[in-house]
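First comes one chain, alone, set out as structure tokens in the form predicted alone.
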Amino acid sequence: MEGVDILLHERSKTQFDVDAMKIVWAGSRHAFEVSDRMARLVASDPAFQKDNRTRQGRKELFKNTLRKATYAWKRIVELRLTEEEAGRLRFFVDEPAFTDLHWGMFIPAIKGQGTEEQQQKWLPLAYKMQIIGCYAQTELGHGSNVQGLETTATFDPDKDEFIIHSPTLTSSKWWPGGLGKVATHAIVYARLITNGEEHGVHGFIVQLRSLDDHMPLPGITIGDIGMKFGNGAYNTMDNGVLTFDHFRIPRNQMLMRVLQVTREGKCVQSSVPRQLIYGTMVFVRQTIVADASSALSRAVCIATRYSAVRRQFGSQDGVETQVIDYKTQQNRLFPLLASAYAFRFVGEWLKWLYTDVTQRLQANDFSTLPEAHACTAGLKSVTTTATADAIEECRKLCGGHGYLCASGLPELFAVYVPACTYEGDNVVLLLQVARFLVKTASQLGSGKKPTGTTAYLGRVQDLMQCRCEVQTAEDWLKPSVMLEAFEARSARMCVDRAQNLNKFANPEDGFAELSADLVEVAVAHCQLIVVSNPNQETCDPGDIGNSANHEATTNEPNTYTFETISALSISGVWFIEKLQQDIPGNGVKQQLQSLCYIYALNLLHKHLGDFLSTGCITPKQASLANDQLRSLYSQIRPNAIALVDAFNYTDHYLGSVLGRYDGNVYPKLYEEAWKDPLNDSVVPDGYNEYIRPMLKQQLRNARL
């Protein structure tokens, strides 16, 4: 069956221009071309082969990762790839490695928190990989509570040096990727102490290992923290443990863009506002949201293709029914497909948000910073939680075969699920969002107008009184109706939680007692953001933002500011207007509209208790929403394979026998089984020592 395209018939049903959808997914024609070129480059190079990754022992696995990462850098240099191209190449290599933290955390930290002089000294070395950096913040005893970090950096004015020290076991740096065996340098976060006085947690550039023999420097104890969850997966990464024993560094290795320590040990605030460092945080979180869409789309691609290949029951004329045709399968699968697109577009929107916030900070405009912090924190939490759950659901959707490493799903889950914890525990982040929402609600009476994604709270009186006007299932396809339902839900939950908090004499006691309820309102707010902003992208990517429609023809980004968001959030009119505009590609707009409604209506169904308890909709209207949802599944069904083809993933990147482009699953699955080391011999090792004595009733003489 080699070369047979089992899914050819499925693709013949497609009702839209797949190539145009690929550009929408990529964000622009330029982004698509770069991504496609790098994906094919990696897939065609045997050096990046990863078929046996889940069968390798830890040492072999890690050494192979070092080889791949180094080879990738060699190719980047040889081909003179741009920073964008290099990033996509590393993405498609698809193996967690020390380079992830070097490029994703170490360099951005120096750029964001280092002075001009520090950047001039350290960035050229980092860009050439002459030093390899990591980001050492989390400790054995503290993660989310950064202010609770115990590592100290005490200034010694006599020698003009900081003394970095780990005073307790729990102050050991724990988890930083790349730290265990590879990094030569780290951004170490420690409590700044000068003249016996503490000045909070700050970052320091610390050399960890000799650049000659790679041995840890005196005063440093360093190693790997051990195996993590899953086969392959994040075990390619050397997550490390690090302790300091009164280790000295020069004063000029403290990151001093915001706060400077003088030769005499005085702390002096620089002219650069402290808030500027939050730009790095926004950058990292928008990257995490983008990664969520990549991981989710990958899992959905595998599950969708296999659901079309797999046949079970319902035999008519000897042909069983495709699993994807069962409504129960569609009800579980298609909302995940819609979520992949939704997260993709909200991730793109966050890129523009990062640009807007950065420009404002540089102009000393901090007005949007609290809202940006809450927005990025909440979206990081909501998208990563949903993606982790969705990958596991995709594994279940593939039945028993989904449990095989060959499906690619167990490793994908294992490598992705840490995203729910790193860069802020998801529940902790939602509580931060809730605190911001409650504060915003409490200020409504003062006349302070909410901005950005909270602008809808400025209409809270109307939203508290409005009643959903849905009378038929088709009414749920009216953008203004959908948006109003989500806004009313979020606004009413926010007001309710704020009123409950007011019953407590001590607000902090109330916040602690009602924290579970507050998490729910934060989720509602963040889901509103995803429902509205993907609609801005998918219902017509040409009107606002760095859109596929605009970039497909011009390759030039539009601007997208907080004022724009506020204006759009005030009314549902923008959605209606956008629906009237064109999106390049036959049928593309219709498919994206269907996905938008599936995403929103599925959320309504999953959180029906919120909508009913707040009086946003009636039980009858909820039933009509389910009717419309089933109708949308039928519309998506003939296009399901084409919609995952639009992700443009190579078989190499997917790393799944079940998700093969040609659908030729069973022969390849059978072939894969024989590659397992257990099948190297017909009779297993240990037969004579254990199995034979049992079969021959000779256990008394067995050497157990």
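What you see is a predicted model; the values in this text were computed from it and never measured. Each residue number is its position in the shown sequence, starting from 1.
There is another form of the same protein, the form predicted together with a further copy of the same chain; it is not shown, and what comes next is about it.
Novice: Taking a further copy of the same chain in the predicted bound form, would 130, 415 and 421 all count as contacting it (heavy atom within 4.5 Å)?
Specialist: Yes, the whole trio is in contact, each within 4.5 Å by some heavy atom.
Novice: Quick check on residue 320: any heavy atom within 4.5 Å of a further copy of the same chain in the predicted bound form?
Specialist: Residue-level check for residue 320: yes, a contact with a further copy of the same chain.
Novice: Answer with yes or no whether residue 271 is in contact with a further copy of the same chain in the predicted bound form, where contact means some heavy atom within 4.5 Å.
Specialist: Taking the distances in the predicted bound form, the answer for residue 271 is no, it never comes within 4.5 Å of a further copy of the same chain.
Novice: Even though a further copy of the same chain is not shown here, does residue 492 get within 4.5 Å of it in the predicted bound form, heavy atoms only?
Specialist: No, residue 492 sits far enough from a further copy of the same chain in the predicted bound form that none of its heavy atoms falls within 4.5 Å.
Novice: I'd like to check something about residue 354: if you look in the predicted bound form, is any of its heavy atoms closer than or equal to 4.5 Å to a heavy atom of a further copy of the same chain?
Specialist: Judged by the heavy-atom cut-off of 4.5 Å, residue 354 is well away from a further copy of the same chain in the predicted bound form.
Novice: Hey, of 138-146, 281-289, 356-364, 112-120, which bit sits against a further copy of the same chain in the predicted bound form at 4.5 Å between non-hydrogen atoms?
Specialist: Result for this chain: 138-146.
Novice: Between the options 608, 193, 464, 267, which residue brings a heavy atom to within 4.5 Å of a further copy of the same chain in the predicted bound form?
Specialist: For this set of options, the contacting one is 608.
Novice: Taking a further copy of the same chain in the predicted bound form as the reference, which of 523, 76, 498, 473 has a non-hydrogen atom within 4.5 Å?
Specialist: None of the others qualify; the residue that does is 76.
Novice: At 4.5 Å, heavy atom to heavy atom, what parts of 601-632 sit next to a further copy of the same chain in the predicted bound form? List them in sequence order, or say none.
Specialist: Stretch hits, in order: 605, 608, 609, 612, 613, 619, 626, 630.
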